[in-house]
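Here's a solo chain for you in structure tokens, the form predicted on its own.
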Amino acid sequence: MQIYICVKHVPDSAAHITILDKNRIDESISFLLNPYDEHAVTEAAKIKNNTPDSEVIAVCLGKNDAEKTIRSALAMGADRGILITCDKNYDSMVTALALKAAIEQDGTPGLIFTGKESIDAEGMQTMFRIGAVFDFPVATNVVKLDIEVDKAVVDCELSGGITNTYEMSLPCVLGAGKGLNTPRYPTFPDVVKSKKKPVQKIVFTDLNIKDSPAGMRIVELEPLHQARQPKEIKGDAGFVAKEIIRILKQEAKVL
């Protein structure tokens, strides 16, 4: 079975983001494998170990620097990679079409993984777009997975801690959630071996994919400014503690 993992090259969440020209960021910061995709890679590698004649392929749409993210996936257990090189960012519709074209050129997917979202755009749409263009069933925020002969049984976590169980025919698209597993972080030998694994590069324009007229584009980026209103609380320790609890419950609404 060929297992494809659609991974994304994203800015490090700890990096300081600087906006340039109102619609792009300074990309001299650190980029890495999207954290949710780490769970997808780990699960795909686990399935491969339990399924004879399986292969794990990491696929990414991004600039040349995104090969680093492919290499991270290879160090975590993927067998090879495919990088679709482009010079700009695309929305989830075009991304799904590009990923589909690259996967179909390469082989026949038995299973497709993504992370449940990316930590940069947080659109949470790509896995559904991929399912739509392939006409595969989709499940997201998967926290448990069992692969049977011709189906996948998945537990998906909903809001409020509710979990639903679904049976899905194979092939299907699964968006990995944090509860699915503990990511397998590579050892030094894994990193060394990953440098020798093949990464095929495909130029985006060679796929002959056009922007969708219904697609999205970045109009303007603005930094997030959080308004803070310092408030001094006077009184004895008991009063201060009660007032803090009241503020957290009634004003901040975090309790």
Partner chain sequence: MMKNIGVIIELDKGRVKETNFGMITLARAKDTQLFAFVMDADAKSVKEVLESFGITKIVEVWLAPDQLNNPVTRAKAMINAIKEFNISMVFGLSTAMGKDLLPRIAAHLFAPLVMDCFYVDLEQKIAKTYQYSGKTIATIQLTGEVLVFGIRPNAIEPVKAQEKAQMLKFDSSHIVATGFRVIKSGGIDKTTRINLAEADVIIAGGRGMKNSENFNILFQCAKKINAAVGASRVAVDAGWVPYSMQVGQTGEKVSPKVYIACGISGSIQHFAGMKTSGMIIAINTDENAAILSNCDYYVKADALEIIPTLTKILDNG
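Note that the coordinates shown come from a computational prediction; the quantities given were computed from them, not determined experimentally. Numbering follows the first chain given and starts at 1. Think of the rigid core as the biggest set of C-alphas that the two forms share within 1.5 Å after superposition.
Beyond the structure shown, there is the form predicted in complex with the partner chain, which is absent from this document and is the topic of what follows.
A.B. asks: Which of these stretches, 67-75, 80-88, 104-112, 130-138, has heavy atoms within 4.5 Å of the partner chain in the predicted complex?
C.D. replies: Selected stretch: 130-138.
A.B. asks: Against the partner chain in the predicted complex, would D120 count as a contact residue? Criterion: heavy atoms within 4.5 Å.
C.D. replies: Yes - in the predicted complex, heavy atoms of D120 and the partner chain come within 4.5 Å of each other.
A.B. asks: Can you work out whether K144 and the partner chain are in contact in the predicted complex, taking contact to mean some heavy atom pair no more than 4.5 Å apart?
C.D. replies: K144: no contact with the partner chain in the predicted complex.
A.B. asks: Wondering, does V203 line up within 4.5 Å of the partner chain in the predicted complex on heavy atoms?
C.D. replies: V203: no, not in contact with the partner chain in the predicted complex.
A.B. asks: Taking the partner chain as it sits in the predicted complex, is L97 near enough to touch it, meaning that at least one heavy atom pair lies within 4.5 angstroms?
C.D. replies: Within the cut-off, so yes.
A.B. asks: If we check the partner chain in the predicted complex, which of the residues in 228-255 reach within 4.5 angstroms of it by a non-hydrogen atom?
C.D. replies: Going through 228-255 in order - heavy atoms within 4.5 Å of the partner chain in the predicted complex - the hits are R228, Q229, P230, K231, E232, I233, A237, G238, V240, A241, K242, I244, I245, I247, L248, E251, A252, V254, L255.
A.B. asks: Would the C-alpha of A237 be classed as shifted by 2 Å or more between this form and the one not shown after rigid-core alignment?
C.D. replies: Result for A237: yes, a 2 Å-plus shift.
A.B. asks: Please check if R24 moves between this form and the one not shown, taking a CA shift of 2 Å or more relative to the superposed core as movement.
C.D. replies: Shift at R24: below 2 Å after core fit.
A.B. asks: Aligned on the rigid core, do the two forms place the Cα of A15 2 Å or more apart, comparing between this form and the one not shown?
C.D. replies: For A15, whose C-alpha is compared between this form and the one not shown after core superposition, the shift is less than 2 Å.
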